[in-house]
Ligand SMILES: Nc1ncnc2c1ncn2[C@@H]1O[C@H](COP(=O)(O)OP(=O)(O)O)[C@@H](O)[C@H]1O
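Next comes just one chain, in structure tokens: the form predicted alone.
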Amino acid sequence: MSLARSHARKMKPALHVQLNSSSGNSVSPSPAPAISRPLIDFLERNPRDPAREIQFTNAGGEKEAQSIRSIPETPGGTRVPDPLMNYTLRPEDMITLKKLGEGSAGTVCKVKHVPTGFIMARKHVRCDPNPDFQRLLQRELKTLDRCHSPWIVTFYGAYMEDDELAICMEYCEGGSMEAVYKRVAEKEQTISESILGKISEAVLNGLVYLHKMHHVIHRDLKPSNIVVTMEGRIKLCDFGVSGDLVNSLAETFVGTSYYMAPERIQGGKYPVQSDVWSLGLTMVEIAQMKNPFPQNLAAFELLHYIVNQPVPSLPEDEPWSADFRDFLNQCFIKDFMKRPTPEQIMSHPFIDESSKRSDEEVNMKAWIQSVWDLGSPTAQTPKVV
């Protein structure tokens, strides 16, 4: 959904006045941060981006499909009707149904858009008055708006609510992979290698899409940022505004250091191969249903451990295939110059074999519904974050 469909509009008068007053007087006693005029203009009047339509038209082309397997907005290549096409997203039209989770990036709630009855996930991110933050924020909102892929959660729009930015995204009712594996562990079950293959495959498709189509690196890949629908579709979230922006401007490693690649910990640039390292850690964690690093380390001890100690591995006495083990070994090459990119590792036998398995052979829909006991009176509600 284009940001214009939510923001080629007039904001509610009270909100508009509040934003103008806070931005026009830097010494205002109001606790709300000063929101820059360009950001306000962007949220209010961002025109429909024609590149979005062009991108969708070109995305399913044969050349791109060879490397990304498909890029259309839906697996079938057809557009999903947009229930919010003719509506402005406003705080007074939202009802909070339940809190889904909370992390360093913000609070996520399940909300209902009253005029349409449409259900979304809404994340609140505190809007820093720093001009650099707001320029980056505007750029990242544009990126979110232009993403159309079955492996990326859909962005429906954003609006200001007091001193926070409310980002409205697709609600994936199956929850995060962190919530899923914890649920499987509670049931004393395991996650099969064929399921892990489909998760890895979907994540890589998402990473390749972000990189090739938008020149974006995820930077915060972890189980809580991989979500699943009750149809069994695996999608990536928090690759921009609510993840990287908050962490980079706060200059903190808290919450994400477990998944950082050695080159990032050592202060180097974040190459696309860093996402592959994070994918390896993510898949080990999902397979083992626990974080692979010692949990009693202080922050700097953990960073030293990641850089200097042997990489995580699956126990030798467990029946994982040689292909899966080698796939993880490739993810964990400490020299990022020798580590494959997401596109390169998609040709690994583990991913290649997974792509050959049909939906009937690996029924992701049946799997996720069994995880949450869909239809059972004791069914639990999964969390997104």
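Bear in mind the structure is a predicted one, so any value in this text is a computation, not a measurement. The numbering used is simple: start at 1 and walk along the sequence shown.
There is another form of the same protein, the form predicted together with the ligand; it is not shown, and what comes next is about it.
Although the chain is displayed without it, the ligand can be placed by superposition from its pose in the model of the complex; doing so yields three or more atoms within 2.4 Å of backbone or C-beta atoms, and the site is blocked. Only one of the listed residues (Cys237, Ile234, Leu137, Leu165) places a non-hydrogen atom within 4.5 angstroms of the ligand in the model of the complex, and that residue is Cys237. When you look in the model of the complex, the only residue of Gly197, Gly206, Gly157, Gly106 with a non-hydrogen atom within 4.5 Å of the ligand is Gly106.
Checking 142 to 150, 266 to 274, 209 to 217, 116 to 124 against the ligand in the model of the complex, the stretch whose residues place heavy atoms within 4.5 Å of it is 116 to 124. Using a 4.5 angstroms threshold between heavy atoms, Gly101 counts as touching the ligand in the model of the complex. Shown alone here, Glu161 lies farther than 4.5 Å from the ligand in the model of the complex, counting heavy atoms only. Although the partner is absent here, Glu285 is not a contact residue: none of its heavy atoms lies within 4.5 angstroms of the ligand in the model of the complex. Contact check for Met260: no non-hydrogen atom falls within 4.5 Å of the ligand in the model of the complex. Residues of 160 to 180 placing a heavy atom within 4.5 Å of the ligand in the model of the complex, in sequence order: Met169, Glu170, Tyr171, Cys172, Ser176.
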